[in-house]
Each structure stands twice: as C-alpha cells, then as structure tokens.
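What follows is a single chain, given as structure tokens, in the form predicted on its own.
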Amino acid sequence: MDIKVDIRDRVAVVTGGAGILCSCIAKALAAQGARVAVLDLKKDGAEKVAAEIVASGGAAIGLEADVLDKGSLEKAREIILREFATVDILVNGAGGNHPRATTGPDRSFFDLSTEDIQKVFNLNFLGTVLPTQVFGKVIVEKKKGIVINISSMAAYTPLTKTIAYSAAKAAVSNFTQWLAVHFNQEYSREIRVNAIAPGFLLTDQNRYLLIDAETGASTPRGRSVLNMTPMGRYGLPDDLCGAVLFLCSEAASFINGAVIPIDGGFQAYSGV
C-alpha cells in the first residue's frame, strides 16, 4: 500500500490556531497543500500564523473567533466559505486549563468556584461541540469530511489537581465516539470523527505546574511526569502533527471514533 497524505486544496479549519500546538498543526496541514483557516480568540495571533503560512508558500487566512460564541463562529464560517468555498477538515484545537480551576497549596477543592470550574469545562467541551455544529454542518451537507478533536491523557485517568480539565477531556473523548456514530448513521458513511490524546507537552496552560518559574527546574509534579513517561521527555508540537496528518490521509480511511494516545508510553506504564 502506497501511503500518501494527499490533502491538496482541501480546506482545513483549525480552532485555537494561534496556540503553540495548533499553530504547528495548521502549518503542517498547509505544508501538505491544504488551504487553512486559522481561528483564534486573539485576532493578531491568528493573522500572524496565517501570514507565516503564506510566507512559506501556503494558503491561509487568520480569523478572530470565540469557540463559545456560536454567532462568532458563524461569522467566521461566512468568511471561510467566501474565501475557500467549503470545509473539508475541522481540527477542534481550542482548549486548556486555568490555575483558578486547579487545586494547589493555596486553593483546595473546597475553594474552587462554580464559575471557574465551568469556564474550563466549557472551553474544552463546549468549545469542541459548538465549532462542530457550525463547521460540521458544511461537512454533512457535502457528505464527506474529517473532524479531529483534541482529547488528553487526563481523559483516561484524571490527573491530580486538574478537576475541570480532566472531566472536560473525558467528555471530549466520549463526544468523539458519539459523533462518529451519529454522523455515519444520520448523514454519511464518508465522514470520520477521531481524536488525538496528547500526553504531557509544555504549553502556556501547564507550564506553571511542571516548571518552577524562578529556577527553571522541574517541579515535583514535573519530575513525576517524566518518571512516568518511558521515553523520558515531554512531547513536542511536531509529535502531534504526524498523527493529525495520518488521520487526514486515506491510510486512515477505516479509522473512526478512535482516540489515539500520543504520550511517549505514559498510558502504558504502571510505574513498576
């Protein structure tokens, strides 16, 4: 079998596209010939990533969009359809954690507010559902396309401290499976919905938990993570891109409703 990633002229929408991880995914899709719509809450960030893609010879537009505001997403969809005519691939990359929804020495479980828990849960779960309602509608109308969600190792076994994030990512994995079945049964068997589940990658959302801001050394939690990762390192943004490109390729044509770990062996290791 000759495995190729042929997504030339396909239109990909990437939410959270100005972030460390999803900007890498957006650029990887563009490098394979996709026309990419980079969506982010920060307009300048989205436009910057799009400009970098264009400067490298790709096709992209950067748009401001709030994944928790359906009207904002619909406005972005109008622009994308006007510029690129369709949507073939949706990567739901927006998400993250927040210190105020995380337990710690200065904030116990009993101190967490409903509002802070809800904000993190909504960002990760509803921030996946709403873009899928808006851009998935284009995919089901053409009866063919790909949706890729971003889950987490926290979806398999909840991580200490991150109550809302862990719960939300478990919901994303469940939604991925549900949506794969729903789209196939109700709309088309030519639509695939999968997710990737990254292990520990250093991002703006988790750096404070893993790296001591004053010394730059690993925190006790960071050391624990590395000790529990057989490959002995944090993941890199590029480590996610290969899986995303694979899921967009014909080599993955019978993969549907799957959640693929990208974790350096973290899930496989029992600690002994």
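Start at 1 with the first residue shown and count on from there. This one's a predicted model, so the numbers in the text were calculated from it and none came from an experiment.
Omitted from view is the form predicted together with a small molecule, to which the following refers.
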*Since exactly one of Ile61, Leu226, Leu41, Ala31 fits, which has a heavy atom within 4.5 Å of the small molecule in the model of the complex?*
Leu41
*asked:* Please tell me whether the candidate spot formed by Lys169, Gly199 and Thr203 is one where all three residues come within 4.5 Å of the small molecule in the model of the complex (heavy atoms).
replied: yes
*Just one of 120 to 128, 187 to 195, 102 to 110, 138 to 146 has residues with a heavy atom within 4.5 Å of the small molecule in the model of the complex, so point it out.*
120 to 128
*Indicate whether the small molecule has at least one heavy atom within 4.5 Å of a heavy atom of Asp239 in the model of the complex.*
no
*Although the small molecule is absent from this view, report whether Asp66 comes within 4.5 Å of it in the model of the complex, heavy atoms only.*
yes
*So in the model of the complex, does any heavy atom of Ser151 sit within 4.5 Å of the small molecule?*
yes
*Would Ile20 show up as a contact with the small molecule in the model of the complex if we use heavy atoms at 4.5 Å?*
yes
